[in-house]
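We begin with a single chain expressed as structure tokens, specifically the form predicted alone.
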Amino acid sequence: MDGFVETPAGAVPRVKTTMTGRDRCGTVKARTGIARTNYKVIPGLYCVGTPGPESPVIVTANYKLSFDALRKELAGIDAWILVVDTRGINVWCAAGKGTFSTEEVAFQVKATHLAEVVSHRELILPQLAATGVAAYELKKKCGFRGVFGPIQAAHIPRFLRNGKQADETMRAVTFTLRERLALVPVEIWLLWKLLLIVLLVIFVLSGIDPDVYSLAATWTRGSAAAVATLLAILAGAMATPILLPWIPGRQFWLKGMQVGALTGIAAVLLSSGRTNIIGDLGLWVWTVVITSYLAMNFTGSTPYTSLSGVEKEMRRGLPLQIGGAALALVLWVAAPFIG
């Protein structure tokens, strides 16, 4: 906060365009999945600089990362920021889920008495909200017409200087290495609860042998399986996103299988001497399917596939992953009896 701007509709909070240490800490927590579901700002009208009746109104989601990404790009600009209640979800996902919608934008326009604050009747909407907001219906519902701005908040200043005209670079969706890496921490963090359960099951199953149960085997074989699992997580949730453009194929589960096949060889080599050939085969299959599953899970975080494309992937990949996981467990349990 940086004071208030008085308007005919009341005082409007002014926000800073610089990030504080607390903002950066919150960003790190959100990027790693800590308190990510509750990282949001109160919906309503805000401003930067000293806006007046003719200043532009830029619409965004109430997910704080989206809000911060916008305000930090508005240094030196006088503008109003209309924050829509998306339940703390980013613009693109909220538009797909229906929370960043025509109705919600219209509701916030009326709730903030925006017509009393500005003399024009125009809203600059994020382009990624287009799946949820029908600009032609917006004017009927609230009297304001919608203009779709650029995809990235970083292009907003240039968009405004260009007379609110977006060029090709402003419309293009990118997915650079840096953008892919930003998604990796949360992909890994969200696995920790499931990982603990899986590791517990793995260690318990690893102790089964011809003498009924062996505590020594629990540790020896269990640690080998645990290492394979951790390698698979890194391969699926980190290596695959990093190498994404260069891995052959379109579907993510297939890309993951290729990375998993190589990672599985490393897992087998690291487990040398702790199991037999049947156990090694089980480890390899396990590494492949876990890597494939996590790579497929990453598709929901990318601009590469549509909702129908994700569903198609899952219909093809999941049966093979489930079957492969079952086979891996059978081989792992059977290994001491066959060797």
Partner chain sequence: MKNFRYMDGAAILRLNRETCVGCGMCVTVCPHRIFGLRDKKAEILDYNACMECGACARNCPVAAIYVNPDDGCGCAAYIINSWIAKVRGSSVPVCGC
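Because the structure is predicted, anything quoted here is derived from the model rather than measured. Definition used throughout: the rigid core is the maximal C-alpha set that superposes within 1.5 Å between two forms. Numbering follows the first chain given and starts at 1.
There is another form of this protein, the form predicted in complex with its partner chain, and it is not shown here; the text below is about that form.
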Should A106 be counted as a contact of its partner chain in the model of the complex, where contact means heavy atoms within 4.5 Å? no
Hey, in the model of the complex, does Y136 get a heavy atom within 4.5 angstroms of its partner chain? yes
Looking in the model of the complex, any heavy atom of L281 within 4.5 Å of its partner chain? no
Find out whether any non-hydrogen atom of R180 is located within 4.5 angstroms of its partner chain in the model of the complex, and reply yes or no. yes
Each of G96, M296 and R316 within 4.5 Å of its partner chain in the model of the complex, by any heavy atom, yes or no? yes
Testing 258-266, 80-88, 120-128, 198-206 against its partner chain in the model of the complex with a 4.5 Å heavy atom criterion leaves exactly one stretch, namely 120-128
With the partner left out here, which residues of 1-21 have a non-hydrogen atom within 4.5 Å of its partner chain in the model of the complex? none
Does M314 count as moved between the shown form and the other one, where moved means a C-alpha shift of 2 angstroms or more after fitting the rigid core? yes
